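The chain below stands alone, shown as structure tokens; this is the form predicted on its own.
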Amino acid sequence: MELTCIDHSGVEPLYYQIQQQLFERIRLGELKAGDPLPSEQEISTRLGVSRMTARLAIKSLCEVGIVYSKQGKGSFVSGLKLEKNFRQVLSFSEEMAQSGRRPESRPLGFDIVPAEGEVALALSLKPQEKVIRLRRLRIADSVPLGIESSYIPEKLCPDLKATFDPRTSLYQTLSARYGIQIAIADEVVEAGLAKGEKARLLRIAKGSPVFIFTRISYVQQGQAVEYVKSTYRADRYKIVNRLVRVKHRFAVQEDAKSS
């Protein structure tokens, strides 16, 4: 891998310039997950910097999870994490399209079941009222990322099971065929550990960290139309949000002065 010259007299720190070069090679796919990075000595020799500067550049990539180090073996690309953005209501297919990845859905189950417990509560259904349950393995660029279980009231789309191809976009079908436009969603994220079947399907070790998402999706009128429980690999995702500080007015009281 070729590294271009850096500006030794520039404003940006040398380690940061090297970090950005390496990051760009990873982003463009020139360095892929599992590929080794140039060693500290190689970077030092090629760019005319100290080994300490090269070490700092690699360390900064390790700190954000893009690179990992193996003692005695060097540093390797772990891959860029996908951003889970809570500011937009997106389907998996839309999320992957935005990040330039090729989405794929592998059906794990597609049936009609009675609404029970949290599903019935979330969708405001009577006990035992029927829901369509769709369970899928979500894949991007041939890498399994998550397992999703979606529940939709059968009365909203009674022929969905007979007409829908679970390898395609559910949201697109709900919109085009049934006029159901997802507008708002409440989503909760929790940390968990992968167990049994989920670890196997996601191709990660048992006990690996995962994100557990719970989503209730609504149409503009406020009706809940979908409940989703999903498990995603924590080594492939990061949570992104924007927080806004609300300005508070503080009342200042002055002691009354005696005349």
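For clarity, a rigid core is taken as the largest C-alpha set superposing within 1.5 Å between two forms. A residue's number is simply how far along the shown sequence it sits, counting from 1. Because the structure is a prediction, the values reported are computed rather than measured.
Unshown form predicted together with the DNA; subsequent notes refer to it.
Considering the DNA in the model of the complex, the lone stretch of 224-232, 205-213, 187-195, 38-46 in range is 38-46 [heavy atom distance within 4.5 Å]. Although the partner is absent here, Leu28 sits far enough away that none of its heavy atoms falls within 4.5 Å of the DNA in the model of the complex. At the 4.5 Å threshold, heavy atoms of Arg177 stay clear of the DNA in the model of the complex, well away from it. Although the partner is absent from this view, Lys126 stays clear of the DNA in the model of the complex, with no non-hydrogen atom inside 4.5 angstroms.
Heavy atoms of Lys73 reach within 4.5 Å of the DNA in the model of the complex, making it an interface residue. With the core held fixed, Glu190 shows a CA shift below 2 Å between the shown form and the other one.
After superposing the rigid core, the C-alpha of Ser44 moves by 2 Å or more between the shown form and the other one.
Relative to the superposed rigid core, the position of the CA of Ser142 differs between the shown form and the other one by less than 2 Å.
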